[in-house]
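Here's a solo chain for you in structure tokens, the form predicted alone.
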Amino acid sequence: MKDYLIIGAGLSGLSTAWYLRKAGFSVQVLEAQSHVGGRIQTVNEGDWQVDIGANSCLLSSEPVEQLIDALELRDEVVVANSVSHNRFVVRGDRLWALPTSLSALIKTPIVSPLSKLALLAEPFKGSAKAEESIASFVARRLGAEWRDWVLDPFVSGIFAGNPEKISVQAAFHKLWLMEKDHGSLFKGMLARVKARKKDRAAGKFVASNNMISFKRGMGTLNVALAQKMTEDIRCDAQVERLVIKDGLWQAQTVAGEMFAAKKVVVTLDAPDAARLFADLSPEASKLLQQIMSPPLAVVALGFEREQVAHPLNGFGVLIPRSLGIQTLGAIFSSTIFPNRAPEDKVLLSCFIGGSRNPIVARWSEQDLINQVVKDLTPLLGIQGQPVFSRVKVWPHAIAQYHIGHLEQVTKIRQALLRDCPNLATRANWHEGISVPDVVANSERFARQEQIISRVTL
């Protein structure tokens, strides 16, 4: 019998298992699919290398750096091309680089001179008295143009969501803290720069914020974790039922296999967790059903270099929803990292769907390809059809942290604590959606469990 059953072998499940094992616990990971990785998957077809989920990672937390070293992946790390600091947005029928310096801010045509001038008043704006959306937050502090032409596509790129509904406290907590602690975004940014300098001088870890991937794609991370724990991972083992009997957790798979452990960690998406908790905790199940996780399609397109007029000299392009274009944006994958496309060819990783366009989940692969090509052709100067394509539709792509989300998560945790002793959840619907968030939270969870174990001995 194991100490922990972990349901799900995405990065949350695998990293949780890794840190629990490191803390001295025994684990059993159960995965419904025939492979590990969740939404971090790399597909190789000839000389095309496609990340059909997460495409990069910021070195923004110490646990990420430590995990890379522990898995002996340092030689596999590739740092993003220096031109990746260019992030384009569409206004009118052109791509414009987001300003990254004061001189670029003054010159940018993305927003009007009046909106630029209004930034001078930001440090003197008052703070909100109640929870608000990220759209309301940015409009209040920076102005409507910054909301419509910068924030809107940014939120579409990260969450595939609607900024009018997403909570600034839940989804952009660091921004919210700048206002709360310093009364201003500009003052908050200055304070963070000073704090980083102080930490660096004291020899403390300071995030580099370098964007990285691996030579064989982001899937390398999950593969390396799984290889270290082969004996503890069972794929094709979808959990149909969880029960607690005589103080122990038992998981029954659809194939009828039974697994038992002292504790269980569920790392499933909100809709799947809701189904699993239907009998165990009806209240938690109902609340989980209310968390939106809309579908998103990743459409990878390969072209001959000469087919695309745009120099692709950046990370990618985001498209504001107000333009009525269905595609959310595209990442210039072959620009950012090497060996993503054959010689003299380029690879674009494009996104369509999300909370404001969920119907794409019912489209055929060819319809998705056609729509993305149609949308990007005038923006990037594309000629002809792609020479390579790959489509992946994620039915429940990214949990939406809408207004009230933090309160909702608290209620879910309270219901599970009452109804399901020795059960924990670790998932993107309440602990952040980025790779650094997942890894850091896994390390923290295992450390807390180790402390609890020592106290109860």
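Throughout, we count residues from 1 along the sequence that is shown. This one's a predicted model, so the numbers in the text were calculated from it and none came from an experiment.
The following text describes the form predicted together with a small molecule, which does not appear among the structures shown.
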{"item": "Contact assignment for the small molecule in the model of the complex, among Val43, Ala70, Ala32, Leu406, heavy atom within 4.5 Å", "value": "Ala32"}
{"item": "Among the candidates Ser56, Gln28, Ser389, Ser61, the residue which, in the model of the complex, approaches the small molecule to within 4.5 Å (heavy atoms)", "value": "Ser56"}
{"item": "Proximity to the small molecule in the model of the complex (heavy atom, within 4.5 Å), stretch among 83-91, 321-329, 113-121, 233-241", "value": "233-241"}
{"item": "Touches the small molecule in the model of the complex: Leu268 (any heavy atom, 4.5 Å)", "value": "yes"}
{"item": "Partner contact for Ile336 in the model of the complex: the small molecule, 4.5 angstroms, heavy atom", "value": "no"}
{"item": "Close approach of Thr425 to the small molecule in the model of the complex, 4.5 Å, heavy atom", "value": "no"}
{"item": "4.5 Å heavy atom contact, Ile7 and the small molecule in the model of the complex", "value": "yes"}
